[in-house]
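Before any questions on how it binds or moves, here is one chain, the form predicted on its own, in structure tokens.
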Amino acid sequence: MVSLPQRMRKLQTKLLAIRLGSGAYVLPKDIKRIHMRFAPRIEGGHMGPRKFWHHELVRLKYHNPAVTMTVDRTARPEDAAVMSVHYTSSNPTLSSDSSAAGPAPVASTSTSSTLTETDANTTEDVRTIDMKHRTNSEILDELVRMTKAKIVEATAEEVEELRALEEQRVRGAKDSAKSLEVRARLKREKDLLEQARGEMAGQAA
């Protein structure tokens, strides 16, 4: 049975991993939504998007709670794997080459930009990233480059907490190994004792 200190240590480690791991970035305020569409299985180049969904997207959501993040896993393996980044602007007269529509368009074959008027006062700029056959780190690099997101640096307290948790993990692993060794030795001694008793009973008979 796992002890309470061990459970607390695992929980602290998970929380730190969410705050500081890959994908810990703060997005610009004009980003309102991130949508991912890829296949439910990894065949056909959909492994990277799947890993991004499990790891980086979790941390992005943690640091950007106001940004809607949705996932559509109904694509077929032969379909494209696309991430859509939705920007908003208060100027309805923006064109797709206007610098006021958020970060400047990126000159890349993996991204595209479309501009749609959502109502009388806002304009939505949707930019896409082709995720197919790309690793989760490559997808993150492209997203950061396109959005100019800011990385979340660990504080001195968090660095110290990580160090202390790692020391506890190493110490706990050593204690577990010793405990297993002791239990194995006791079991061997018990087996030998039972074997000796059986032999003595046989001789007495």
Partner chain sequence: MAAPRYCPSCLSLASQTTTTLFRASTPRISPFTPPPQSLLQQPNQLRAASQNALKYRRKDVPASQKRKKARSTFLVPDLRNAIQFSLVEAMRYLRASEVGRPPTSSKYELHLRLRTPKNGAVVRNRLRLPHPVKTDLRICVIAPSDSPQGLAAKAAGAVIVGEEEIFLAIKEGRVEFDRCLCHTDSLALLQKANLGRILGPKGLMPSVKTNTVVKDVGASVREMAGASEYRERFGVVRMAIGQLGFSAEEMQRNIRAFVESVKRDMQGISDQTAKDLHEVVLSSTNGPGLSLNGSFSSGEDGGVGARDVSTL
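C-alpha atoms forming the largest set that superposes within 1.5 Å between two forms make up the rigid core. Remember, predicted model here, so these are calculated numbers, not experimental data. Positions refer to the first chain, counted from 1.
As for the form predicted in complex with the partner chain, it is not shown, yet the points below apply to it.
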I'd like to know if residue 164 sits close to the partner chain in the model of the complex, meaning any non-hydrogen atom pair within 4.5 angstroms. no
Under a 4.5 Å heavy atom criterion, is residue 191 part of the interface with the partner chain in the model of the complex? yes
Taking heavy atoms only, is residue 27 within 4.5 angstroms of the partner chain in the model of the complex? no
Given that the partner is absent here, does residue 183 sit within 4.5 Å of the partner chain in the model of the complex, heavy atoms only? no
Counting non-hydrogen atoms within 4.5 angstroms of the partner chain in the model of the complex, say which of 69, 47, 144, 154 makes the cut. 69
Just one of 37, 33, 51, 61 has a heavy atom within 4.5 Å of the partner chain in the model of the complex. Which one? 61
Taking the partner chain as it sits in the model of the complex, which residues of 14 to 34 have a non-hydrogen atom within 4.5 Å of it? Please list them. 14, 15, 18, 19
Could you check whether the CA atom of residue 185 moves 2 Å or more between the shown form and the other one, using the rigid core for the fit? no
